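One chain comes next, on its own, written out as structure tokens in the form predicted alone.
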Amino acid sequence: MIPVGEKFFMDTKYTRGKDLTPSRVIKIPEAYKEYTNVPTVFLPAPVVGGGESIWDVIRKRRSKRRYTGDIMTQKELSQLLWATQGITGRVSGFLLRSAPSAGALYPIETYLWIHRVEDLSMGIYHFNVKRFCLEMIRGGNYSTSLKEACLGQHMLSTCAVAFIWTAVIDRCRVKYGERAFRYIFMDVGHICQNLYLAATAMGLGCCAIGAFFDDEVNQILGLDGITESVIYIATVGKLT
């Protein structure tokens, strides 16, 4: 039996003569996800320009797991969100963002576990890219449940915020078929690296998490795990 990972890699290869169109008709999902009738918080405008040299930031970038537990400001959170998925331009109807995406389809959604952020209640929030605001979808303390879902990784209990990235799979699959799964993981990698670099430039610690029980995290976010599912997580906090 061929291992599932190897089979996926072989089945999604591009080869000459292969039909590259999707094998089935897919209904095009909404390009932007929004939650209605939930508390909404508009964030301060990010600062664009200035700051430390990109070369120094790349050199200093490391995964940081130990945080002080101090509160992050909304301004700092705004800056991180803009760095990861902020809108930076408009071309032919496309709203381009700070991280690249295959076909400018942007299948990645950002959810946040807000733990210690200035004037924000603890809970699970969705980042509305188009309106640059946070939508609170679930209040409460999720440090223990997220830590357990992430195989006991302690950063979930001490971070100021955790970025939880999901993929709306058909946004990409409608154009690229099963090859979309490759692009989705590339997309989220670009986004996470932007978070690392932005956090480093701001003197904050960041650590990505790839090990988690998918269904448990999806349940916390209220997702079905099929049309949309968690694919990556990263914590950010004040450094010790």
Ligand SMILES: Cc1cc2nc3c(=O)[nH]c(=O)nc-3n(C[C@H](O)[C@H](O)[C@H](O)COP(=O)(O)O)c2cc1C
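In this text, residue numbers run from 1 along the sequence as written. As the structure is a prediction and not an experimental result, all values here were calculated from the model.
The following text describes the form predicted in complex with the named molecule, which does not appear among the structures shown.
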Checklist outcome for this item: Checking G203, G210, G51, P39 against the named molecule in the predicted bound form, the residue with a non-hydrogen atom inside 4.5 angstroms turns out to be G210
Checklist entry - Pick from R182, H190, R65, K33: which residue has any heavy atom within 4.5 angstroms of the named molecule in the predicted bound form? => result R65
Checklist entry - Counting only heavy atoms and a 4.5 Å cutoff, which of 148-156, 126-134, 163-171, 109-117 contacts the named molecule in the predicted bound form? => result 148-156
Next on the checklist: Since only the chain is shown here, I'm wondering whether K175 would be in contact with the named molecule in the predicted bound form (any heavy atom pair within 4.5 Å).
Outcome noted: no
